[in-house]
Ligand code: HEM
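First comes one chain, alone, set out as structure tokens in the form predicted on its own.
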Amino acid sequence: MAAPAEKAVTYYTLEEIQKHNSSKSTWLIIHYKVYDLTKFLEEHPGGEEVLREQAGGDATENFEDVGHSTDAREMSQSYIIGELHPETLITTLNSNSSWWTNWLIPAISALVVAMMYRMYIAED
């Protein structure tokens, strides 16, 4: 008996996905999979605004933070339309992180700890 033919994967670039950020077309990325949730907006238990905030970008972290049920995860499979193109670098559209949180704050923290350590050693 022949094995069933695998369905070809459709790949989307981040630029293509970013264009689908409205209530008329709502796509998002979760774990490198691309979901078209346009028809699910009104059914989403958390409200459509939650999905629209993530539309056009990577919603993996927010999806996992909520702690979706097994049923929700299984249901989400029916909305997959493809995968993020392997050459596409994942970035979020509305990222709250900036150079402040990524570089400056850790650098200042390290400096303060180093100065406190030096003062502690100098007291001995």
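Don't overthink the numbering: it's just position in the shown sequence, from 1. Please read all numbers here as calculations on a predicted model, not as lab measurements.
There is also a form predicted together with ligand HEM; it is not shown, and the following applies to it.
- Counting ligand atoms within 2.4 Å of backbone or C-beta atoms, the overlay of ligand HEM from its pose in the predicted complex onto the shown chain yields zero, and the pocket is open.
- I30 belongs to the set of residues with a heavy atom inside 4.5 Å of ligand HEM in the predicted complex.
- Among heavy atoms of P86, none comes within 4.5 Å of ligand HEM in the predicted complex.
- With a 4.5 Å cutoff on heavy atoms, Q54 counts as touching ligand HEM in the predicted complex.
- Remark: I81 does not count among the residues lining ligand HEM in the predicted complex, judged by a heavy atom distance of 4.5 Å or less.
- Using a 4.5 Å cut-off on any heavy atom, the residues of 30-64 that reach ligand HEM in the predicted complex are, in sequence order, I30, Y35, L37, F40, H44, P45, G46, V50, L51, Q54, A59, N62, F63.
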